[in-house]
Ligand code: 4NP
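One chain is shown next in structure tokens, namely the form predicted on its own.
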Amino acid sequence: MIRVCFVCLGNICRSPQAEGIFRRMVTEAGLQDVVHVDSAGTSAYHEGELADPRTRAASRRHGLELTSRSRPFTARDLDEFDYVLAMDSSVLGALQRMARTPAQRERLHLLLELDPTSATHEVPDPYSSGPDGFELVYQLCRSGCEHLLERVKRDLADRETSKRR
């Protein structure tokens, strides 16, 4: 099992968007039994809430329904997840400060640093923007998730090869 967690500040805009996109990709690839997908926030401001209505609207325009509820990222999550993907460098910094071991730090990445075609490594927070900002976040997350899926598939193949040895 590979476990993936997307993280933003409040877990109501960017990270639930990425979670929903990646969950659909994982299901379409037939990997839902071997890849677990989640999201969280570095703050607990919105704990228990659904994604922002504007995030859900952007997702629905692409045939995706977001149903996860906000939760705070915890120090325990650093041991539970193979990939912890921050949406921006501020979130990544908060996660790095939580990490206690080199192994935990190795699991931390910016989502868009996995996308060699991206002009940026930051997924901007759309909270104070209009519909175009939420659409941009959808597109950036989709692109990052496509590259993440390829990496996860390679990891699964490597694990399978290691088992056969």
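Given the structure is predicted, the values throughout are model-derived calculations rather than measurements. Each residue number is its position in the shown sequence, starting from 1.
Separately, the form predicted in complex with this ligand exists; it is not shown, and the next lines address it.
Enquirer: Heavy atom to heavy atom, is L149 within 4.5 Å of this ligand in the predicted bound form?
Expert: Output for L149 is no: heavy atoms all beyond 4.5 Å of this ligand.
Enquirer: With the cut-off set at 4.5 Å between non-hydrogen atoms, does R107 touch this ligand in the predicted bound form?
Expert: Residue-level check for R107: no, no contact with this ligand.
Enquirer: Is D125 one of the residues lying within 4.5 Å of this ligand in the predicted bound form, judged by heavy atom distances?
Expert: Because a heavy atom of D125 falls inside 4.5 Å of this ligand in the predicted bound form, the answer is yes.
Enquirer: Does C13 make contact with this ligand in the predicted bound form, using a 4.5 Å heavy atom cut-off?
Expert: Answer yes; at least one heavy atom of C13 falls within 4.5 Å of this ligand in the predicted bound form.
Enquirer: Can you check 57-65, 43-51, 112-120, 97-105 and let me know which stretch has heavy atoms within 4.5 Å of this ligand in the predicted bound form?
Expert: This holds for exactly one stretch, 43-51.
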